[in-house]
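There is one chain below, alone, in structure tokens, taken in the form predicted on its own.
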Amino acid sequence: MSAHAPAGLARTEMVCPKTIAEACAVLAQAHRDKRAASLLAGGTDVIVDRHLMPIEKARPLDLVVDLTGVDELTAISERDVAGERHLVFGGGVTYWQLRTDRRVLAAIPMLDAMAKDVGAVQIQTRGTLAGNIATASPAADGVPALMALDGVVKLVSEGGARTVPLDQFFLAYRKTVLAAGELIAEIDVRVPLPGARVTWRKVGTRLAQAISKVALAGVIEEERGTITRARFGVASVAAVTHPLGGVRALAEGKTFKALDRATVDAAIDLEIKPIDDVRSTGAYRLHVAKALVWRALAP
């Protein structure tokens, strides 16, 4: 097959593996042959990116590996980890699956709320969790929610597999720990305990089909009034989706009443430095992020 599109795709070969192992073998061979290869899942980002890229700056692609026929990547399953319930999403799970899977709706309704905010239905039925993660946009919607749920990605290649916590996956703007020949096979998330305060809030120019100015996911668990777990993922406020580890360290082990708003705000100031761009100002983003974190912490 040939793909006919601008930005260096006119002579690109496309292959369609049926298993993860086959996809990894194709990637490994391409690497050995020094062929430029790219993975294709939903295609909602990669095609747009290449169309917008000036042709003279585009890196020609020799090979596109279409993962849409790999059934393993669309599975949703459960597992027990040290007595805690986890959901495991194949890398090809779509936002529409999050909106329609009964286990997800019952266990983590926050993922349904997040998925509803991802573009229109057409994007939700095509866009995948692994694609959102691998693209590494600081404005991603899926990443903050998965990060707040202690997301761990399983990376596989012909040489084996490794796991990476999602809050350690991003190195810099649009840069990740993904190595040549690796793909995101699974995303494992922890199901919040009953009674946890689970927050999703996306602030954009419009109520729908908007890129976020700020998006925040939070999971707060308490035992006898003391915060035992505080997890966050916040988008559009830094070069990468940020876990707000300083706020987590500040909150855990304390009651909400013992937390001081000014101290929490100061911790946020130390962690994120939002920028001005066409969607918002850095000052507005910082103000909104502080407000959303405080609301997530509040009983």
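Model, not experiment: these values are computed from the prediction. Quick note: we count residues from 1 along the sequence shown, nothing fancier.
Below: the form predicted together with a small molecule, not depicted.
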{"item": "Non-hydrogen atom contact Arg126 with the small molecule in the predicted bound form at 4.5 angstroms", "value": "yes"}
{"item": "Non-hydrogen atom contact Leu39 with the small molecule in the predicted bound form at 4.5 angstroms", "value": "yes"}
{"item": "Contact of Val48 with the small molecule in the predicted bound form (heavy atom, 4.5 Å)", "value": "yes"}
{"item": "Residue contact check: Gly218 to the small molecule in the predicted bound form, 4.5 Å heavy atom", "value": "no"}
{"item": "Listed range touching the small molecule, judged in the predicted bound form by heavy atoms within 4.5 Å, from 158-166, 225-233, 78-86, 202-210", "value": "202-210"}
{"item": "Partner-contacting position among Leu111, Val214, Leu149, Ala140 - heavy atom within 4.5 Å of the small molecule in the predicted bound form", "value": "Ala140"}
